[in-house]
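As a starting point, one isolated chain is supplied in structure tokens, in the form predicted alone.
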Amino acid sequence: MQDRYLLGVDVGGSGIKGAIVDTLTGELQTERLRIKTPKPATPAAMAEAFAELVKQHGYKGVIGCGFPAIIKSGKALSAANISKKWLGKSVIETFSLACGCPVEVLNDADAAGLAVMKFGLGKDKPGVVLLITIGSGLGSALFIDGKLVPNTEFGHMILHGEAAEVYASNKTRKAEDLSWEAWGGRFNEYLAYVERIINPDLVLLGGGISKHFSKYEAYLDVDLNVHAAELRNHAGTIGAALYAKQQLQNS
């Protein structure tokens, strides 16, 4: 059962969160610990924080990690909310060397999506399912008949002349002190754009702001099936552990 209880780490623009996950049930087996993401979020600083989180768990073994970038062959190919020094750098190598454990890495929104499709409202849902994670940016995870289409970046579609996440992320809501009505209107514009581009059968909203869904639901009038993702802010941690398990089974 060495692949059942695995450490999942969700690296975000504001925090690095992790817990040991029962990958059969999706339940957290430990308290989810959090360390602030260093500013600036350089590879060296983030590796140190990542290693500290692993140390706090007293964990040895394979670690799953959701990371806020396009990830291909373990390398970061984008850096929207982290240091540009990550561009082209191996996240797998950087974090593995820092913590002394093998690390498996995927895009952070994709990690959350894996959890939602396994244990949440996306389970057994056919067609096109889109998870949008709302935090420092807008992450996206796209599934077609349950299969992940990795590294989508629907938060970077251009809206009002800039990346959509600059206009409608939770970070922007806080920075501009927007009311739920004002921010809900912005996010509704974003969803209308998503509707035109891919017209998904189901849209699930994740991230910490999903627990406030009732405060802005009334301001969403798009013709889409939109729900809060019930795993909320734990999804990235759970999905990262699931990904590590998949990689173990495929090795």
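As the structure is a computational prediction, the values presented were derived from the model and not from experiment. When you see a residue number, it is the position in the sequence shown, counting from 1.
Only in words, not in the display: the form predicted in complex with a small molecule, which the text now covers.
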Exercise. So which of 105-113, 176-184, 142-150, 91-99 is the stretch with heavy atoms within 4.5 Å of the small molecule in the predicted complex?
Worked result: 105-113
Problem set entry | Check all three, 68, 80 and 133, heavy atom within 4.5 Å of the small molecule in the predicted complex | yes
Problem set entry | The unique member of 118, 85, 156, 75 whose heavy atoms fall within 4.5 Å of the small molecule in the predicted complex | 156
For this session: Please check if residue 138 has a heavy atom lying within 4.5 Å of any heavy atom of the small molecule in the predicted complex.
Result: yes
